[in-house]
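Below you'll find only one chain, the form predicted alone, shown as structure tokens.
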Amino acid sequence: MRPSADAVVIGGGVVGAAIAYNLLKSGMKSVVLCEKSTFASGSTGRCGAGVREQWGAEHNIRLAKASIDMFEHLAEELGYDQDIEFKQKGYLILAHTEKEWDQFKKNVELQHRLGVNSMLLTPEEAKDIVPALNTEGMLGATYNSRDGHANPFHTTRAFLQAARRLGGDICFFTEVTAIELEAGKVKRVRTSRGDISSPVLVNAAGPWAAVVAKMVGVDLPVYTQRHQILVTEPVGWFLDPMVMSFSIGIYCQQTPHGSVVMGIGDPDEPKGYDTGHSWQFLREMASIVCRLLPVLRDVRVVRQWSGLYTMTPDAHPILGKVPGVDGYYQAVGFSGHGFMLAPVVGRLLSEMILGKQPFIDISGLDLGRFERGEYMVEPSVV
């Protein structure tokens, strides 16, 4: 590990990997990425891997739209010799309440204004897209064919390999233990494998972002929360889009290998770092998904696991620098959607760090928005 660098990135998930790659691609000579475990070992490797433009707030729509533009050519850009398994089979988002259906109409209107070609569907039209769907109690749905999913491990690995080829120093099993400031500027990063002098530090530490932020005296208004997920045995193809419901709190998709990945959001889940999984989740998941997609009744579960969402008060990420701590940048608080936004966030953070004008205006996603009261809560989150 080199003793000095132009920038140190903390976090070996997909967001940190994308930032490191983009810094090097944009001309930075030396970048060190520090990860206390191995790549994609935190939230990235435990996520549902969906990518969607269908949001209810402008910032998230703009970010997701640009990210999907990048996903469409990402393997080629990164020179990855395998498949990141990016498939655009769409998202079918179901409405089961009047409040939800009213929100969907507003969402689609905003999405159209921002160039997203989503559409409102009747229950019958939704069933045409997913014939196995039980539409009882449904009021309608929205659909966008550009949405899809990718493999989080391959995607992260592709970014890291490309960063290495550009001269990046990727340091696994290297825990950051302290950050030294001098006259309000980032000076040195202390790790379990030695110190790195650097004028730039990027916090992309996922669920541990608040811990890293405290090392430079920054308090993040975030909390972590467990989200459980499971995967079934491979079955015959029956599900092209991701099926999602916000009121039920479920998402379900079929991977290219035939397995079905699904999860539910529990509003009563306590805050914390628990990544255990429970039989209660398995029972509830089975009840919900078999009602929604009865074809899955006799399918066997292969395994289940849990990951951590790092939630912000408005379900938007916190991006950029913090006044009073020169050289410190953060890409944190993705509220369960870091994977889908990573490609665009990697570019935006590199542009900010290198003093360029970000190609998307993200001034409203700074940490100070909460103190100013200038934020809008994203209404479309599982």
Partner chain sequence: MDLRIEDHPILSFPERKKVKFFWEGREVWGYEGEPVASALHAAGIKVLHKSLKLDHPRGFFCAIGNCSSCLVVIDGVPNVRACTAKLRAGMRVEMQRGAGPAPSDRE
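As the structure is a computational prediction, the values presented were derived from the model and not from experiment. Positions refer to the first chain, counted from 1.
This protein has a second form, the form predicted in complex with the partner chain, left out of what is shown; the following refers to that one.
236 to 244, 72 to 80, 222 to 230, 111 to 119: which one contacts the partner chain in the model of the complex at 4.5 Å, heavy atom to heavy atom? Looking at the other structure, the answer is 236 to 244.
When the contact criterion is heavy atoms within 4.5 Å, does residue 295 count as touching the partner chain in the model of the complex? Yes.
Indicate whether residue 299 is a 4.5 Å heavy atom neighbour of the partner chain in the model of the complex. Within the cut-off, so yes.
Find out whether any non-hydrogen atom of residue 257 is located within 4.5 angstroms of the partner chain in the model of the complex, and reply yes or no. So residue 257 counts as contacting the partner chain.
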